[in-house]
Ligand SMILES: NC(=O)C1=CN([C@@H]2O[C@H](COP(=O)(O)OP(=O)(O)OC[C@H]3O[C@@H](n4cnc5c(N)ncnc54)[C@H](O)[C@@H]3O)[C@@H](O)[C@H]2O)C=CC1
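Quick heads-up: it's one chain on its own, the form predicted alone, in C-alpha cells.
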C-alpha cells in the first residue's frame, strides 16, 4: 500500500519518528514530498530524509498534514498544541489516553500505539488501538506504517496498550536482562568475559530463531522438558525458582507505571 495522504510527524528528529519516516520513504510507502517533520530544537534526525519538509512549528505541520503522528515523550506532550480536527492522529506515546488526545487536538480518529526501540532496525512489533471513529482505511494505513519498521497488530481494548508497554514496548530490554544474567553466571564459573558475551548473544539472537518455525513456543519448551536432559534441568529449575512469576510481575509493573504516568499527566492536560 502506498500512502497518498500527507503525513506529519511531530518529533520527527527523535529516534522513533526518524526511524519510521526513513523506513517508510525507503520502502516507497511515503513520497518524501508528502512528508512533514517537526523539530522544536531545529535539529534533524540521525537519518537524513531528502525531499521531506522540516519545520519548527507544530501548528504549521498540522495544517499541512492529513495524518499526524505524535512521536514525543509523554512529558513533552503538554507543550504540543495543535488543531487536528478532521485528521487521523496516531500516538507513539506511552500513557496518554485517546480521550485526552482527542480533547486537546480536536481529532476524533485517534490511534494509540506502543512501538519499541527495535523500530530503529526495522524489527519492532507494534500493537495499536483504534478509537471508534477510526475507519477501515485508516486502519490499513496504520498497519502499513508499522510494517515499514517490522510488524504490528490491533488490540481490542485501549487498556491493552498500557499492558503492552511492558510486553512489547520494552523491546530489547528483556532479552538484554537475560543475557546479562547468563554472562554473569558464566564469568562466575571462570569463563572469559568475551566468550560469555559471545555465547549469550548467540543463544538469544541466533538459537532463538528456532522459535520462528513455531506459532506457539509452549510445545517447544515442553518437548525439551520431556527429553529430561540438561536443558530440562535448567528449565525446570528456573520455573521452580519463579521465572514465570517474575516475568508476570515485571509486565504488571510496566502497566501500572503507564497508568500512573497517565494519571499524573492527565491533570496537566485537562
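Positions refer to the first chain, counted from 1. Keep in mind that this is a model prediction, so the values were computed, not measured.
Another form, the form predicted together with the ligand, is not on view; read the next lines as being about it.
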Residue 65 near the ligand in the predicted bound form, any heavy atom under 4.5 Å? no
Close approach of residue 74 to the ligand in the predicted bound form, 4.5 Å, heavy atom: yes
With the partner left out of view, is residue 117 within 4.5 angstroms of the ligand in the predicted bound form by any non-hydrogen atom? yes
Proximity of residue 16 to the ligand in the predicted bound form, heavy atoms at 4.5 Å: yes
What stretch, of 241-249, 22-30, 38-46, 206-214, brings heavy atoms to within 4.5 Å of the ligand in the predicted bound form? 38-46
Listed residue that, although the ligand is not shown, lies within 4.5 Å of it in the predicted bound form (heavy atoms), from 142, 148, 92, 183: 92
Interface residue in the predicted bound form among 130, 80, 84, 100, criterion: non-hydrogen atom within 4.5 angstroms of the ligand: 80
